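Heads up, the chain below is alone and in the form predicted on its own; it's given as structure tokens.
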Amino acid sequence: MTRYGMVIDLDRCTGCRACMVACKVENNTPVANLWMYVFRFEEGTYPDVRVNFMPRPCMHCDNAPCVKVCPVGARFKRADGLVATDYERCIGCRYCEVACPYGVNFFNWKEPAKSQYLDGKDATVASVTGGAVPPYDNPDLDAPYGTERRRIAGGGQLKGVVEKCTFCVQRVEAGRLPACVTSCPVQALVFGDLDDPKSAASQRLESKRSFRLLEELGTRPRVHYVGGRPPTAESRQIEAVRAKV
């Protein structure tokens, strides 16, 4: 059985945030909903300052708190390891958002048409795009996926539902890599079958020491970090202040 996971090499990440852009374009996430986020941590005092970057997608935990608290089974764990959300079953209670220790869930407050950055049918926009189909018209995001045949791809689908990183399930089931992985210019993000020792993800994981975020909580994340080091309390405080500005 395939066991999908992601390995993020912190020694390679330069903080370019191309993964964040690729995620938004591919998945049509609403304004301010960042399924992939790259944290910028600063440590030390001038002139001895160290800057580190840490991409953070959904952890797709094997022991996912969000799955346990969902009262209607909209949030579920697939056999291949992906933690998915059935938008048509979600009732918007936001229990999953509260239960997740990684802050990866986003509530969709608006109707899909009002959640976009641009209106593809606007004459001004069309004059620039040349009539190209905008990302939010991607039919792959409306199709059902998995053996359950449930609607779990893309963002901005329905008002009043919770959304998060899906590891680009619409691409994975077509034999392609998540958008964030393909967009990384330094190959800091690696995706694949963690049970296959020949996969790129397994090989990268074996190449360096690794850690997972908040392992002490017992969530068993499917996202592994290699190289670098976990952020210190000092660097987390600086990033928290910056995020509020």
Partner chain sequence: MRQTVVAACLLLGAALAASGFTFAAPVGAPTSSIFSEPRVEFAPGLFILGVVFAFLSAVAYELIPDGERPPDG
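Residue numbers count along the first chain shown, from 1. For clarity, every value in this text was computed on a predicted model and none was experimentally measured.
FYI, the form predicted together with the partner chain isn't displayed, but the following is about it.
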Partner contact for V67 in the predicted complex: the partner chain, 4.5 angstroms, heavy atom: yes
Does the partner chain get within 4.5 angstroms of any non-hydrogen atom of V72 in the predicted complex? yes
Evaluate D195 for contact with the partner chain in the predicted complex, applying a 4.5 angstroms cut-off between non-hydrogen atoms, and reply yes or no. no
Sequence order please: the residues of 23 to 46 with a heavy atom within 4.5 Å of the partner chain in the predicted complex. none
